[in-house]
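Take a look at this one chain, the form predicted alone, written out in structure tokens.
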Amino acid sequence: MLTAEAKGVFPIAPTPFHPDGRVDEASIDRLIAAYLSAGATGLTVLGIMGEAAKLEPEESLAIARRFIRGMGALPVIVGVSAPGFAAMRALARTVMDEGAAGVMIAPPPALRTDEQITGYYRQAVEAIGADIPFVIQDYPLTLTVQMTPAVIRQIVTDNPSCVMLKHEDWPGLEKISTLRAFQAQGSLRPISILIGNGGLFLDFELERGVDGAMTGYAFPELLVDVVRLQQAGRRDEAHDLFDAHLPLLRYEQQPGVGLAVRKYVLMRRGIIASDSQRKPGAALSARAQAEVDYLLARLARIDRRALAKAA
């Protein structure tokens, strides 16, 4: 079961598709092998990057089950966000029975007031059951829901089953410091904080007190290395390696095409067979593909793991 002591890197897995829209199970298996080889400490599936909203319920369960079994003893978090609590409960209870470590819940975009946000999470926990560990997804840039540190503290206080925050606010460094200050003062019990946003601010977020990363950057090895180096006190080495990847990290974070970039890079690396998204989805233009290829070639001068394996 997921606990508040969780640390390291939990990559967000994309859902690989064939060009005709079918789920590509062979590519799921290659993703699992890549995450294990990279040194991931866990995995998160069926998030925004996993195109969860485009999946049938049976597909969601089958994908989650394949990742859970493939990751073996490592914890797998399953995104269960849904428009209604009935669907959320059904998926949450089922994936936990299949061996998931916990679930992730994002707030629906309609929430605006602090009371609406905290009330929503209380109702979500009532729906799925207080025995299921859950992760708060705080991603205002996409979800448009603004959670202050005080609101996050209230959600954690109200719900003992909350063990982790996926922090994706931007700018968000001061929010991390505020939450860790709450913890030091005793007004917030310890929780794990992993960061998203493609890892764009991972270098300094680690220095502000986060426990690792939960994001979908196409080089999970980089995330693992930066976390490891920072935890070992090798600050300059961590920043040097991070800086080499920063142009590609930045390119991935473009709104609307970020997933297309990630899938294209994973395809170029030979990890997934196709960069297809299930419709509706954006595809990279030939010009954009050439720009990514250029970034990969430049990165490979410093980090040879960027050498593409597929033509």
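Everything numeric here is computed off the predicted structure, so don't read it as measured data. Each residue number is its position in the shown sequence, starting from 1.
We do not show the form predicted together with a further copy of the same chain, though everything after this point is about it.
Colleague: Does at least one non-hydrogen atom of Arg69 fall within 4.5 angstroms of a further copy of the same chain in the model of the complex?
Modeller: Output for Arg69 is no: heavy atoms all beyond 4.5 Å of a further copy of the same chain.
Colleague: Can any non-hydrogen atom of Pro171 be found within 4.5 angstroms of a further copy of the same chain in the model of the complex?
Modeller: Output for Pro171 is yes: heavy atoms within 4.5 Å of a further copy of the same chain.
Colleague: Within 4.5 Å, heavy atoms only: does Leu246 come near a further copy of the same chain in the model of the complex?
Modeller: Heavy-atom contact with a further copy of the same chain at 4.5 Å: present for Leu246.
Colleague: Using a 4.5 Å heavy atom cut-off, state whether Leu295 contacts a further copy of the same chain in the model of the complex.
Modeller: Result yes; Leu295 sits at the interface with a further copy of the same chain in the model of the complex.
Colleague: Can we say Arg250, Ser285 and Arg301 each have a non-hydrogen atom within 4.5 Å of a further copy of the same chain in the model of the complex?
Modeller: Looking in the model of the complex, the three residues Arg250, Ser285 and Arg301 all sit within 4.5 Å of a further copy of the same chain (heavy atoms).
Colleague: So a further copy of the same chain isn't shown here. In the model of the complex, which residue out of Arg228, Arg93, Arg208, Arg189 has a non-hydrogen atom within 4.5 Å of it?
Modeller: It is Arg208.
Colleague: Go through 99-107, 159-167, 78-86, 212-220 and give me the stretch that gets within 4.5 Å of a further copy of the same chain in the model of the complex, heavy atoms only.
Modeller: Of the options, only 78-86 has residues within 4.5 Å of the partner.
Colleague: Going through 111-126, which residues have a heavy atom within 4.5 Å of a further copy of the same chain in the model of the complex? Please give them in sequence order.
Modeller: Going through 111-126 in order - heavy atoms within 4.5 Å of a further copy of the same chain in the model of the complex - the hits are Leu111, Arg112, Thr113, Asp114, Glu115, Gln116, Gln123, Glu126.
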